[in-house]
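As a starting point, one isolated chain is supplied in structure tokens, in the form predicted alone.
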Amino acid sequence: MSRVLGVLVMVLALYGVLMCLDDNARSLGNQQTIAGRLGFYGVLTVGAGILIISGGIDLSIGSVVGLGAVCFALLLQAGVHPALAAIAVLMGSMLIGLCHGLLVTKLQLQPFLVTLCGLFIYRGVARWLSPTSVGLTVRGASQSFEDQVEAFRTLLVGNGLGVPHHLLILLVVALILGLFLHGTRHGRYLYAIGANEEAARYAGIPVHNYQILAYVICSTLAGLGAILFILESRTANATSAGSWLELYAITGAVLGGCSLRGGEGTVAGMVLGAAVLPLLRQLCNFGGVSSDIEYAVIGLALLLGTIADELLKRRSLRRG
């Protein structure tokens, strides 16, 4: 709870500074931009956070987003209905997570190595499928098909009543996974596995099944992020689409209270942690800070979050 309160104070402080920095920062358009980015980053962060709680890690999230975005656009080019294309991307992402989980559990490979290899593999496959950028515009498509694509885009990334649909999707995802993680025995099993895998195994928990489930959840949400990405940007370059998004996701989860050791974290904290990076980006924009320093700011935020996690851990051990 202390970590959640700490990141809440951080988010409120960053938001307050941003609102005082520039009059344009208080505009409706900027509020929608922040909310939209929170929704997008939050979906990826929750997936990464669930996996981190179980003791795993995924470095391929950005490449899965890039591959999923390219595949979604190519399916549209082939005349597939956008809803069916989205289902195909989600199914493919689930399969990627399943492969990760099987390699980690059945072959006992290191999660870092498995997902690092995945980072290169999925990016390479995306570039092989589409050497150039692909978009939502389909040459020779009928007006009805274009209307279907636009309607699907409005459904997922529109701004109904001024609220970006990205944010609503995040709230639904957070609610479902929050109930799963904090309100069911399955969620408690994930915490137990992340805290002490051997103890969980001796307690009769099917450790491998739940670890595979965590990888599937993470990759599936990365697939959802891919769909949101291509619908929002309308185009995807196989070389750069989704680059560094694993950094955003892991950073948001750690800032939100997830320990890289596993066994700790809350969905509420993940959502708040995901809000830090969009606010930092807007602070850089309105503060005239060069975008070249953005990654340095992200790295510093991750370092501070890790230091805070270590200090809180030591404090709790002394109290115990």
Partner chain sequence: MNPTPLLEAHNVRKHFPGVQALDGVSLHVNAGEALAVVGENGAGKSTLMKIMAGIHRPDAGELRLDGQPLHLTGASDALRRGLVLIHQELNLAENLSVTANLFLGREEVRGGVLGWLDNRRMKAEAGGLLSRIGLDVRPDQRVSELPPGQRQMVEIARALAGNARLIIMDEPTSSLTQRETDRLYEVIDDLKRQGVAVVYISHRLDEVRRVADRVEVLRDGRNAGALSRDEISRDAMIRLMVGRDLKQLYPRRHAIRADAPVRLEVRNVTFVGGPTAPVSFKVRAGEIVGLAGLVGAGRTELAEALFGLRRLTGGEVRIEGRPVTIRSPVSAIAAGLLLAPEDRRRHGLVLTDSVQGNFALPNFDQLTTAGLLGWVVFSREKQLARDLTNRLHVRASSTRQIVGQLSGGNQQKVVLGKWLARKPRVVIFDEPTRGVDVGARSEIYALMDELAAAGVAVVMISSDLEEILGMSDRVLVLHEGRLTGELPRSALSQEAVMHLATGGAPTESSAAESPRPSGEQA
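Numbering follows the first chain given and starts at 1. Note that the structure is a prediction, hence the values are computed from the model and not measured.
Another form, the form predicted together with its partner chain, is not on view; read the next lines as being about it.
Relative to its partner chain in the predicted bound form, residues Glu150, Arg153 and Gly158 are all farther than 4.5 Å at every heavy atom. Interface membership of Tyr189, defined by any non-hydrogen atom within 4.5 Å of its partner chain in the predicted bound form, is confirmed. Its partner chain is not shown here, and in the predicted bound form it never comes within 4.5 Å of any heavy atom of Glu146.
For Ile121, no non-hydrogen atom is located within 4.5 Å of its partner chain in the predicted bound form, even though that partner is not displayed. Among heavy atoms of Tyr202, some come within 4.5 Å of its partner chain in the predicted bound form.
The contact with its partner chain in the predicted bound form, taken as any heavy atom within 4.5 Å, belongs to Asn196 out of Thr137, Ser240, Asn196, Ser233. Among the residues Gly183, Pro131, Gly79, Gly162, the one placing a heavy atom within 4.5 Å of its partner chain in the predicted bound form is Gly183. Contact with its partner chain, judged by heavy atoms within 4.5 Å in the predicted bound form, is confined among 245-253, 204-212, 225-233, 106-114 to 204-212.
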